[in-house]
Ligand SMILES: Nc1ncnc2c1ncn2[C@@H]1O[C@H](COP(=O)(O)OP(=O)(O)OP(=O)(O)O)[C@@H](O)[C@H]1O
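Consider the single chain below, provided in structure tokens and representing the form predicted alone.
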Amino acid sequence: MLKVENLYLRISNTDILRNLSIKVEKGEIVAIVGRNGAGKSSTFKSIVGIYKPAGGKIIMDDQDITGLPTHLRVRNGIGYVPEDMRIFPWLTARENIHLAAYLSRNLDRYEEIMEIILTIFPEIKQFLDREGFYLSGGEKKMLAIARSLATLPKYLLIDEALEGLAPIVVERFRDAIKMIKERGIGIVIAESNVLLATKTAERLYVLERGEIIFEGSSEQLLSNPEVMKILRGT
């Protein structure tokens, strides 16, 4: 299990996250839902070690990883797909994946990694030798998730997994996320669109101004008028 316990984050004298606690089991899909600026990306950056929390703990499989640097968190099993994807534009898709496997010390399992990736995203085979700069938005997102899979994560954080995608592409990515889950990987998605999140995740947290204000199922969230009103900004 990946657990965040009572996390506090303060940046430039501003409280970004307050007493935040979430958890995800292996083979479970969890969503953090919130409006833009609610603190979703800051939560992920704290989990992966880009931001240093002012308080609280991050525990992965009973190991406290709060003090570990980012590269060791990745090697221990945390994968991260940032909202802007950060594809290396002048490397091919194949090179982007190969680099992730190399930096996570998984090159000895490269053939296995490619088999996993091409099973989940067979479309990638068509643009493996194309540079990142020339990929479409959907292809870049596909590659960003594939590159994270090259680190062989136990838990995968995907920031705005379905944002900006056409409806037919959204369904394709939702299928891919479920396939990743079936490999026993715990998945946390950050999502602004509550309806997409409820169709994808098994449990949801609602984040508002750095605090968790709801935890429960899709049905419980959609039937909660007060929380839905906050999410709609009305």
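We number the residues from 1 along the sequence you see. None of these values were measured; they are calculated from a predicted model.
Heads up, the form predicted in complex with the ligand isn't pictured, but that's what we're talking about next.
Residue Arg35 is the only one of Arg174, Lys181, Arg203, Arg35 with a heavy atom lying within 4.5 Å of the ligand in the model of the complex. Here is the short version: of Leu20, Leu221, Val24, Ile16, the single residue with a heavy atom within 4.5 Å of the ligand in the model of the complex is Ile16. Looking at 181-189, 166-174, 35-43, 57-65, the stretch with residues near the ligand in the model of the complex, meaning non-hydrogen atoms within 4.5 angstroms, turns out to be 35-43. Annotated contacts: Glu28, Ile116 and Tyr155 are all free of the ligand in the model of the complex [non-hydrogen atom within 4.5 angstroms]. A residue is said to contact a partner when one of its heavy atoms sits within 4.5 Å of a partner heavy atom; Glu83 meets this definition for the ligand in the model of the complex.
Contact check for Glu139: no non-hydrogen atom falls within 4.5 Å of the ligand in the model of the complex. Mapping the unseen interface onto this chain, Glu160 counts among the residues with a heavy atom inside 4.5 Å of the ligand in the model of the complex.
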